[in-house]
Every structure is written in C-alpha cells, then in structure tokens.
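What follows is a single chain, given as structure tokens, in the form predicted on its own.
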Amino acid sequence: MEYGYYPGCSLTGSAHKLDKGIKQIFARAGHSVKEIPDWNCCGAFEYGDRNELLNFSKKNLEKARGHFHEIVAPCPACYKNLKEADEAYEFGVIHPLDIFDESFFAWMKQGRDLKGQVFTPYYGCILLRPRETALRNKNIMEDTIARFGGEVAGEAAKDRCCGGNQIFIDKSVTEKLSGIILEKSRGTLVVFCPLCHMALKTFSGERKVIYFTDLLLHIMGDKSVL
C-alpha cells in the first residue's frame, strides 16, 4: 500500500534516523511512502494563534489532495496539526504507531528477543491526548516490548512533558522536566517524538535514548542499538 508521507522539518534534519527507520520498516511490510509535493513546515508549536498555525497544515492537505487518501505523519506535533486541520475528515491522517498492529507483527521476522533488558516507553505529552487525536493503542510500545520478552518500566513517566519545546528558549526548563522523566524511569528510554528524543538525550548522561523504530529493527536482527 502507498501512503502519503509528511516528514516535517525534524525528519529531514535532526531526526533523519527516525525517517530512515520508518522507511525501512514500511518497505519490509510491503508499504511505500511518497512525500506530499512541495510540503511546507506545519509550524509545530511556534505560533500563539492556533488558527494561523492550522492554516499551515491546511496548505499541506491542499497539496496532498488528488494524490493521497491516507497520510503518515511520524512527528507527533505534525501529526496532531494535520489531523486537526482535516476538519472535513477528507484524509486518513495516521501516526506510524497505529500501523504497528497485530497484522504488522504477523509478518515481522524476529531475529532477537529483549529478554533481560529493561525499557521505559515514553510517549510524551501529545500522542496520548487529547482523545480526538490520541493513538488507538495507548500501550503499543509496552505491548511490543513485552511481546519480545523485555521488562517494561516507567509507567508514571510515559506521558509527562519533557519540556522539549523550550530547549532553545530556556534550557533550564527542559533540563528540569526531562530530569523528572529520567528519575521516574528505568533502563533504555524508547521514544517516537524527535523533540523528546533531543531533550532526553541532552540530559540522559549514560542512559540510552532510542527511537521505537530502532527497537523494531533491533528485534528484526539489524545492527544493534542496545
């Protein structure tokens, strides 16, 4: 199946590893992704005027019209903005975590397990709220880790804000909020948000912070990140 693809600014820059991982996994599952023609920045959280912010995403939907019915948007902020901008429900705006379902795991070839390892799945403050844009399976990362024998930790930290949107404004705020998550979690932190990855990695010291796509590729037998 072919999906429209909205990488957003992060996945074409600092989060290029997430972009590469998604494309690898989708290709193995028999899916292809094709970028929305001439897509523009969605504005993330940078505008105080919500209507103005959503207009950026409406322009992206206009560019997708006639090309795609379903659009995959990996960045949580981009995903939320696109989904809210689609007021007429013209498109299926999908987060990759909602594609990693039972049918996905049915074809997935396992090369490694996660036995003896501890992970804290971290969703951040967008993917699990509000209800209108939240993931269908709010425990997909926990379910995956347990399925392959890993230990799940850090339930109290999974949806706390890491302060990532403040990292270039007031780094001390990000350090404080990320520190709370690091204190309330154990083992390797598994994330999907590029901003959360940047924030937590900045203050994690020796703790590993990886993308969920890294974990899946590790399980499939690719070069280990653990």
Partner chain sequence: MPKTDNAIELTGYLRQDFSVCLGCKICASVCSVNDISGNANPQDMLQRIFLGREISAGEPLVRSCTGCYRCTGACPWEIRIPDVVRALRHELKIESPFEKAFKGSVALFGRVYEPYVLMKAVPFLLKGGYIQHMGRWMEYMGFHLPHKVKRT
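On a predicted model such as this, the values are computed, not experimentally measured, just so you know. Numbering follows the first chain given and starts at 1.
Same protein, other form: the form predicted together with its partner chain, not shown, and the subject of what follows.
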Proximity to its partner chain in the predicted complex, single hit among Cys125, Ala134, Ala146, Val118 (heavy atom within 4.5 Å): Cys125
Three-residue site Gln24, Pro74 and Leu226 fully in contact with its partner chain in the predicted complex at 4.5 Å by heavy atom: no
Candidate stretches 185 to 193, 48 to 56, 66 to 74, 26 to 34 - the one whose heavy atoms come within 4.5 Å of its partner chain in the predicted complex: 48 to 56
Non-hydrogen atom contact Asp38 with its partner chain in the predicted complex at 4.5 angstroms: yes
Contact label in the predicted complex: Leu61 to its partner chain, heavy atom within 4.5 Å: no
4.5 angstroms heavy atom contact with its partner chain in the predicted complex for Asp98: no
Heavy atom of Lys138 within 4.5 Å of its partner chain in the predicted complex: no
Partner contacts for 200 to 216, taking its partner chain in the predicted complex and a 4.5 Å heavy atom cut-off: Lys201, Thr202, Phe203, Ser204, Gly205
